[in-house]
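Single chain ahead, by itself, as structure tokens, in the form predicted on its own.
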Amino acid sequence: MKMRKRMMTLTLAAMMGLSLAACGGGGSTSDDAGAKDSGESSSASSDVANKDKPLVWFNRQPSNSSTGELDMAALSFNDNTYYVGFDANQGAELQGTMIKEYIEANIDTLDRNGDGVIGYVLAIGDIGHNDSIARTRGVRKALGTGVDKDGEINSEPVGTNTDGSAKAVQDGEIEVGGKKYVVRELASQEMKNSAGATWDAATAGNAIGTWSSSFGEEIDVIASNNDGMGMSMFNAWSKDQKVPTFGYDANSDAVAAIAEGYGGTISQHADVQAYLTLRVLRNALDGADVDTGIGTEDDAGNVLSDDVYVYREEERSYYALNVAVTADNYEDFTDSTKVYEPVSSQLDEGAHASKKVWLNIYNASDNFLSSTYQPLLQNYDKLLNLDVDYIGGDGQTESNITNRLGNPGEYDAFAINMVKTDNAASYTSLLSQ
């Protein structure tokens, strides 16, 4: 469901106007005025409680990792709290459709051992992450291998399923040119390393080594919940074997690899996401309407069209829309860290005083976040006059990050990327003290 941000209620706008005025936006404090005159970052306003400062959750939406239910207490922590991510279900369906269409277009050469079964393996990122769950479901839905569990497609890993007996999936069927083929999920597992880090590329590389040594001749397609794991499997085995591998994120290395046989990926418009992550904070700090520079043009001409994002008011969440990247269009996506042109204009620091932001990346080793998302954030922070402290986590424990939020009073706003989606309270408790 698409909703333009300008459709937000007048009541919410009024509430935001009152609360944002307390943030010292618009040069209302002597600190801000000094920052404008000197060109230096202003310090956090001492009269604003940490619990009232702007907060954006990004990339990992506060939610129950078992049920997927949104954590509305975290999403409504204060009047200036939002989530920024991408439309997981739309992207998941797009990935599944991309894989199915590739199979149909290349069916004559895809069945490597000629057994009439199109076998695929699936790298699952994090069994408790809504995005990972959605992508697993998207692949299984498109290929007809999904089975119902409590009204949704089962997203559990199957381990090894070369005989088709697993209960979490079923054999699907594709008919091309009057000939029917069985589609089977031969194996799937969560790519979690011994230290507990999920979405682990090295684990995925090891997994394809194990699977290929056991039933490699049966593997016709590789599907992965992200490009980090997909590229690890591609480089370890499928590139040499000419087995198409499909990922997600449109990382630069994955896009480049399409020319070498990587099957395709999904761009989740990281350029739009990164902009929204910081733009929502900028608007709050300025005391501006949340739609400024998003659905409504700002004073520098920045604005997004409604075909690249949606806002869901009831979820207090902004979602970038996804685009399939294949051999037909990959050359348009080779630079994943380039800012999105419609929102690339510099804000005037005289009207938008520099402010200080605390922002963390849950795992400094995560390929997408460290190689694509953070570089984009670092491009936008300059355009939006934000002085951002970037904190890299270990991908395993929330405390590795929260221990470095010892003095939130030093900051004007916060952008948080959790290790686990259940753990929003680990952060809000620090801001409530």
Ligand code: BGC
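From 1 onward, residues are counted along the sequence shown. What you see is a predicted model; the values in this text were computed from it and never measured.
Beyond what is shown, the protein has a form predicted in complex with beta-D-glucopyranose (BGC); the following relates to that form.
- Partner contact region in the model of the complex: 59 to 67, out of 59 to 67, 391 to 399, 404 to 412, 376 to 384, criterion any non-hydrogen atom within 4.5 Å of beta-D-glucopyranose (BGC).
- A residue is said to contact a partner when one of its heavy atoms sits within 4.5 Å of a partner heavy atom; residue 268 meets this definition for beta-D-glucopyranose (BGC) in the model of the complex.
- Put simply, residue 131 is close to beta-D-glucopyranose (BGC) in the model of the complex: some heavy atom of it is within 4.5 Å.
- beta-D-glucopyranose (BGC) is not drawn, but in the model of the complex it has no heavy atom within 4.5 Å of residue 55.
- Although the partner is absent here, residue 362 is a contact residue: one of its heavy atoms lies within 4.5 angstroms of beta-D-glucopyranose (BGC) in the model of the complex.
- For the three residues 135, 226 and 369, a heavy atom within 4.5 Å of beta-D-glucopyranose (BGC) turns up in the model of the complex in every case.
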